[in-house]
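Given next, in structure tokens, is a single chain: the form predicted on its own.
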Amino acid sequence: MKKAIVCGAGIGGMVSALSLSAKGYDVRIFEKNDYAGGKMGELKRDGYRFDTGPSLITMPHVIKDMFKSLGRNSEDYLQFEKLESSCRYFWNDGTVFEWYSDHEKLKKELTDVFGKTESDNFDRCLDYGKKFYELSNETFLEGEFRLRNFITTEGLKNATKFISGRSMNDVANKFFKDPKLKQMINRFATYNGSSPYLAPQFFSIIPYTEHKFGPWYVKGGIYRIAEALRKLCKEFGVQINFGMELTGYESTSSKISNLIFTDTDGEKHEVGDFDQVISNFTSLPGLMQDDYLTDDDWSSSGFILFLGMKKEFTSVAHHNIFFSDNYEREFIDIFEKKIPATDMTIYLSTTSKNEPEEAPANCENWFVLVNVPYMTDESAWNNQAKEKYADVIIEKLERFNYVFEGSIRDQIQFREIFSPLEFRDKYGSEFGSIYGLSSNSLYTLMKRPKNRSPKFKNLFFAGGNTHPGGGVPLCFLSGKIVADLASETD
């Protein structure tokens, strides 16, 4: 029987392990932390429950298809619920916009807030993103990234769309005049940790796919997906060894021959006797090309507040965005100056809007996320810096007094902080970045790790830091792609 070792029990790692197991492999997973799911985690405190990672699911069919490929029905493990709205947007001048899932309701909202012309332009913008989806769905999203996959008559005819030099912001300017509507479209660049003023126009695919497939939630929390995968691993005989961090390896000229894991007590364990190695992360020196960790164009990181709120806020939805007053300056701070923005855009998710049991009675569980730069030598995310920036974020929220009707600080029962330092130390994320190398240019997009290692014939990469990208559905696709590649390599 062929054997595979998977390093990391993140979503991509578990999906690749399950897919290989279904192909007849004997698979073992080694995970640094004491839980499965990677960045998809869970926090419980004082009667509150939080998802600590992804908070929105698009393209749920990708997840359902994976269960089906294993001979399982996803409904026996997960209950997906479509949300009425993907997000509620707020601006300091009192403007509020609801991005409804239903297209007709969304069109009415667009007309009411931005006018009929901009509403019509919105359809044109989505159609533009649709073209990229149709061009890339099979050749890019669902298979190994190879340039030759795009060298077709149709691909060559549309090549200028991919290499035009236009950014997402250029697309927003192409279709819209209203600065707020531009800001909403530009926001989707942050889904892969990039700047809309730099990221190629290809990523206009993101608002299209979110609207086409809708915003979804999982009953009981997004973390139920990780739990379902762990349950499947048990059913398929895939052993997960927790508290085991990959800290070294031995290799021949073309293959990895031995893996070295260090447990929580500092004891080292050597693991050999395998055919293939799947790595759910790329930050161990030597696994990648020699110059990989010397790059300086990493994706943004995140600064997260978990707030137990002693009050229910009727103006807040399940998903909310509170925009900064100068969006371009915010991204200059993050990606050029590499400093946390003082006027930041704030994402707020409160799942208790849909599931009241996730917070005590008359309370809310707030997951607050702000984009910040990846860590540099000047970064100092010590406790003092964390608390100071948390206060700046809360002060920013309180300026939206038409939403909160008074101080929110007085309603905070507790707060916990997760900074780029934790992204680096807990997940092994390169310099605390969420998605590894950024997608801020075609150059860095091409340098992102491929699923097949260029150094070792039996090493493959799965997860959000590699192809096809970050986000739960793409991590599922990544795991499937890697399992197919590894089994075909034998």
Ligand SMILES: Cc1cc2nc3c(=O)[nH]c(=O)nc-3n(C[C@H](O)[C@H](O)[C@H](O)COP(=O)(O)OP(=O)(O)OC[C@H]3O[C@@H](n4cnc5c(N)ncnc54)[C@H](O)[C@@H]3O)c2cc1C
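The first residue of the sequence shown is number 1, and the count goes up from there. All values derive from a computational prediction rather than experimental measurement.
If you look for the form predicted together with this ligand, you will not find it shown, but the lines that follow are about it.
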Check your understanding: Based on heavy atom distances of at most 4.5 Å to this ligand in the predicted bound form, which listed stretch, 128 to 136, 270 to 278, 241 to 249, 165 to 173, is the contact stretch?
Key -> 241 to 249
Check your understanding: Closest heavy atom of residue 428 to this ligand in the predicted bound form, within 4.5 Å or not?
Key -> yes
Exercise for review: Please check if residue 39 has a heavy atom lying within 4.5 Å of any heavy atom of this ligand in the predicted bound form.
Suggested key: yes
Exercise for review: Would you please decide whether residue 463 lies within 4.5 angstroms of this ligand in the predicted bound form, comparing each non-hydrogen atom pair?
Suggested key: yes
**Study point:** Contact flag, residue 53 vs this ligand in the predicted bound form, heavy atom cut 4.5 Å
**Key:** yes
Practice item. Check, residue by residue, if 31, 367 and 470 all come within 4.5 Å of this ligand in the predicted bound form, counting heavy atoms only. Key: yes
Review point. Listed by sequence position, which residues of 1 to 34 have a non-hydrogen atom within 4.5 angstroms of this ligand in the predicted bound form?
Key: 8, 9, 10, 11, 12, 13, 30, 31, 32, 33
